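First, one chain by itself in structure tokens, the form predicted on its own.
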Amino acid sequence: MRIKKGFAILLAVMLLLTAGCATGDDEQKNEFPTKSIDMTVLFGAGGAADVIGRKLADGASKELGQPIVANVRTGGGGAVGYQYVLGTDPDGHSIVWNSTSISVTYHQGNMPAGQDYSAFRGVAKITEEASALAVKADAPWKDLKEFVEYAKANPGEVTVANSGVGSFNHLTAVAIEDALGVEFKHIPLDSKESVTAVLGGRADAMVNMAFDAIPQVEAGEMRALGIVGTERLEVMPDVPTMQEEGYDVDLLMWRGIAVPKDTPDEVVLELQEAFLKSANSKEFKDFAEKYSVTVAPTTGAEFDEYMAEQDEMIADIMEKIGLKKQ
């Protein structure tokens, strides 16, 4: 009888210990995040990418219960920031406000071989930014059709400013050039210089982020002929997309949250939920609209597929113009 009683007590103790271990495991699984999260921003403080990323992080931090600290790490077209994140522990506490720059930077040879977009895994794609083909308000071309007709009749004579050799705007200009079936004379300048070059008559047109063209269009100093984007912009409702005009140009500046590829699934899912809630909030959407940025959230799995598609497109364009090194 004593043996049976002793066995029963022992069994009860073992069950309590097992339950305690299970509870401990559950708590450990739900520990993330255990500290503040370091978000690498790849481009300059105060720019659209920086301020939108910080706004997104503010919303996500409330969901996660830990602060998300945005740190600007510039250099090498994004290479410095990407290298930093890849050098951290893949535990979800170091993330990057990723963008199209991962493909441009890698294929330019600024990243080590093998450290392309696939060195990361997507948490969530958040935004898309359209580009615009714009000319001076008093230019002879009233619409895209007239511009294309002139460019075809005068190959290599139409000067198009962009923000530097190998930049995203340069690649977009090349993609537009190919889609329109014309030949441009490309003038590499930075974004602000592109605007002044068109307004000063040193360039016939510019390909730049729509955000840079909008103030000039609203002031009546420029005319946008076409948008490279999935839909028309609310601030320029009369300007058609390239696809509406029958030209297959689908190169967008996208941004999203990414982590090193070995980050555990459960951590990625927690980050995904927090960032998607932030992105889908009215507060964030209203904020992004001020910068003419389209909020187009997707899951991490969808983001991975999208990055692969965009990377192939960018690699093809860069090879075509002799800038692809890997």
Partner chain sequence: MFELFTEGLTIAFTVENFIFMFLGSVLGIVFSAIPALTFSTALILLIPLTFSLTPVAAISVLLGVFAGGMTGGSISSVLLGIPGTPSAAATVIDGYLLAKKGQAGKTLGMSIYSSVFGGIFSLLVLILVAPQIARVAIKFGSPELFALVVFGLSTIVGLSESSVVKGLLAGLFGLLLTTVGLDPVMGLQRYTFGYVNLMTGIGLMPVMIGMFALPEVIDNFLMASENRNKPYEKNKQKVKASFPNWQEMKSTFGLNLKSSAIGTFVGAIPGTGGPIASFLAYDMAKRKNPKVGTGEIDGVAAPESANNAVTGGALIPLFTLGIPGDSATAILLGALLIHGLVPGPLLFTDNGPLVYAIFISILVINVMVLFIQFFGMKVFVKVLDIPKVNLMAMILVMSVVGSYAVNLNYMDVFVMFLAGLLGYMMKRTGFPVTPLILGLVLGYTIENNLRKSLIYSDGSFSIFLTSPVSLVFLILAVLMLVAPTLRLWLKNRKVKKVLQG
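Just so you know, these numbers come straight off a predicted model, no measurement behind them. Numbering follows the first chain given and starts at 1.
From this point on, the text means the form predicted in complex with its partner chain, which you will not see here.
Student: Although its partner chain is absent from this view, report whether residue 139 comes within 4.5 Å of it in the model of the complex, heavy atoms only.
Tutor: Residue 139: no, not in contact with its partner chain in the model of the complex.
Student: At the 4.5 Å heavy atom threshold, is residue 110 in contact with its partner chain in the model of the complex?
Tutor: Close contact exists here: in the model of the complex, residue 110 approaches its partner chain to within 4.5 Å, heavy atoms only.
Student: Could you tell me if residue 90 has a non-hydrogen atom within 4.5 Å of its partner chain in the model of the complex?
Tutor: Taking the distances in the model of the complex, the answer for residue 90 is no, it never comes within 4.5 Å of its partner chain.
Student: State yes or no: in the model of the complex, is some non-hydrogen atom of residue 153 no more than 4.5 angstroms from a non-hydrogen atom of its partner chain?
Tutor: Although its partner chain is absent here, residue 153 would stay clear of it in the model of the complex, with no heavy atoms inside 4.5 Å.
Student: Out of 176-184, 232-240, 126-134, 200-208, where are the residues with a heavy atom within 4.5 Å of its partner chain in the model of the complex?
Tutor: Within 4.5 Å of the partner lies stretch 200-208.
Student: Have a look at 253, 85, 104, 189 for me and say which one sits with a heavy atom within 4.5 Å of its partner chain in the model of the complex.
Tutor: Going through each option in turn, the one that passes is 189.
Student: Exactly one residue in 79, 148, 95, 158 has a non-hydrogen atom within 4.5 Å of its partner chain in the model of the complex; which is it?
Tutor: The residue in contact is 79.
Student: At 4.5 Å by heavy atoms, is each residue in 64, 281 and 302 next to its partner chain in the model of the complex?
Tutor: Not a single listed residue reaches its partner chain in the model of the complex, so no.
Student: Any residue of 209-247 with a heavy atom within 4.5 Å of its partner chain in the model of the complex counts; write them all down in order.
Tutor: In sequence order, 211, 215, 216, 218, 219, 221 come within 4.5 Å of the partner.
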